[in-house]
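Read the single chain below, which is given as structure tokens and is the form predicted alone.
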């Protein structure tokens, strides 16, 4: 319990430090923030007045303290581009990103773990060779290049799936596949390696000598022990999906957090950028925290 409490406290401190880093980086990155709201014909005095009204002429630490105060009160601010409430904007964008991210995670572990198990149980067979080769290719191909290839073949040439937008399951197939491809490949290799390592342990021979069936040995004992490194991988996979979502959502025009963040950066929309950036940091940090807790619960040695 004490270790868990310490982890939670450290996670909170990490989030606080990350929020300050993101807040400062956005404001020190250069560019004219007034371009997001004022027309090109606006005078220098108009732009200075806008900065003063938004509090952007104050020291960064004072701006940060003001922002945290509003954030703790539930006030997320408004977009500089169209004055829309960020809380309203965030509901739809977060929902869309959750759909894409959850689907990708299901594909990563729903496909990666079974394929890794089969490859381990059929070691050195043609099936194992094919799965291993495909997983190597999956880790080698960048996701933005894979997205362009998928659009070319499945949308442009074959016309089976839409290339961009949102409107049903068909619109989800390509972005979810591209977002999960590297994760599937990595999960396959890790599952195969962990399964082979456990199959060579003494406890497997002992269980066979005790008369347990191969199915029970594989699924109850070998697979359970093999899942420990995969649980750790899950936390990293959350971070990778969050990072890759910026590219995938932009290429496929998926209206999620990643696409909104990229558009806000291009428009110098500070409030939108800082909220969605902090949201992504929060998701990655909580994902790692959940993986750490899950690893502790799954490992009897760590529980003791």
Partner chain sequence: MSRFRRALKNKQLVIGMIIAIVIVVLGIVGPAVFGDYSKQDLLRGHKPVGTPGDFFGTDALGRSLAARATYGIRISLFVAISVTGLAMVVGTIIGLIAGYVKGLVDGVISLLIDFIWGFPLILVAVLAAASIGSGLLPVILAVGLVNTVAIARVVRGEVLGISEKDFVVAAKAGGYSTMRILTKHVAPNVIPVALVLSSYYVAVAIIAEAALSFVGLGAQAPLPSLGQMVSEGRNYMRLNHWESTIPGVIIFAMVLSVSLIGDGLRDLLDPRLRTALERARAK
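A quick note: this is a predicted structure, and the numbers were derived from the prediction, not measured. Residue numbers count along the first chain shown, from 1.
One more form of this protein, predicted in complex with the partner chain, exists but is not displayed; see below.
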148, 190 and 270 - do all three of these have some heavy atom no more than 4.5 Å from the partner chain in the predicted bound form? yes
For the chain seen here without its partner, which of 112-120, 167-175, 94-102, 137-145 has a heavy atom within 4.5 Å of the partner chain in the predicted bound form? 137-145
is_contact(residue 14, the partner chain) in the predicted bound form, heavy atom dist at most 4.5 Å: yes
Quick one: does residue 49 come within 4.5 Å of the partner chain in the predicted bound form, counting heavy atoms only? no
Is it the case that residue 68, even though its partner is missing from this view, gets within 4.5 Å of the partner chain in the predicted bound form, heavy atoms only? no
Quick one: is residue 56 in contact with the partner chain in the predicted bound form, heavy atoms, 4.5 Å cut-off? no
In the predicted bound form, which residues of 194-218 put a heavy atom within 4.5 Å of the partner chain? none
